[in-house]
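The form predicted on its own is given below as one chain in structure tokens.
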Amino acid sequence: MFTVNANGAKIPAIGFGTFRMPGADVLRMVPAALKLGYRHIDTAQIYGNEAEVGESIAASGVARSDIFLTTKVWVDKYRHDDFIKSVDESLKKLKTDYVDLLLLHWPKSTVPLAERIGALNEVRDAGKVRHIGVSNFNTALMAESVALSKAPIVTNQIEYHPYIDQRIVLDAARKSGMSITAYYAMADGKVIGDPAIKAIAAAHGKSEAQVVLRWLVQQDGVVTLSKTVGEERARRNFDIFDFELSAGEMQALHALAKLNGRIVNPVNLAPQWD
């Protein structure tokens, strides 16, 4: 298992994501993922499954201190008092005294960014959060967040897969000592069957999904999330540390980026993308 070091945080390079995962699937899959060796679990207030994530971790037999747990504050909780209350509620649902990483889920809000960053720092200072970060921020907002924050910003969680060019955001993150956490790594299933990815997968005796996940974690400062409701697929997705892509193969995957490659773009939440 690789770890990514980002401004003092040691983040397991592959995390198990729970986006759009119903509670019953969480109760089944999170313990299975932990048994397979995953040590990074990603959830969010808006996912509606923090309680099941907390129950799964508590019953897993894996020490809480061995798990890197991430959650995110939803946009309707950005006002200071609502923010603090929502974090306390998340901790209660997650059955833990702290989360390893707390993110602002989306940037667009009438609440000043200074107030949001201030609240992130406050819960960190209180010991409720080990590290803080952002999600779906562009480079200008990343820079503003870094300038406003007393504590280091350790990640920006963004859509990242072979069909989207995120070099500008990656460069900005690296200059600030931040990591990038990739979601939608499979591009909503589009990577499966892609001829270029399939050829690389065949050369390594791996699946297209394994190749894409490997491509992500092989990049400096990149963490990736893997989400599945199948235990066998979760096992395969974790089995990416026994091979390495060549420089040519890495470039071939980067070359798949398209101008219209972005999938997730809610107009009421998203910034003006780089």
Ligand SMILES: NC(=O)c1ccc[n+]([C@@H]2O[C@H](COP(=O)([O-])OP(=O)(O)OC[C@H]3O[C@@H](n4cnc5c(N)ncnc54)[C@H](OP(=O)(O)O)[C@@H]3O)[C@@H](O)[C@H]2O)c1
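We number the residues from 1 along the sequence you see. This is a predicted model, so every value here is computed, not measured.
Heads up, the form predicted in complex with the ligand isn't pictured, but that's what we're talking about next.
Shown alone here, A126 lies farther than 4.5 Å from the ligand in the predicted complex, counting heavy atoms only. The ligand in the predicted complex comes within 4.5 Å of a heavy atom belonging to K72.
Mapping the unseen interface onto this chain, M186 counts among the residues with a heavy atom inside 4.5 Å of the ligand in the predicted complex. Using a 4.5 Å cutoff between non-hydrogen atoms, R20 counts as a contact of the ligand in the predicted complex. The single contact residue among V229, A51, I67, A32, judged by any heavy atom lying within 4.5 Å of the ligand in the predicted complex, is V229. Checked against the ligand in the predicted complex, the residues I57, L245, L27, A209 give one hit for a heavy atom within 4.5 Å, which is A209. The stretch among 195 to 203, 99 to 107, 166 to 174, 78 to 86 whose residues place heavy atoms within 4.5 Å of the ligand in the predicted complex is 99 to 107. Contact check at 4.5 Å (heavy atoms) against the ligand in the predicted complex: all three of N136, Q157 and L225 pass.
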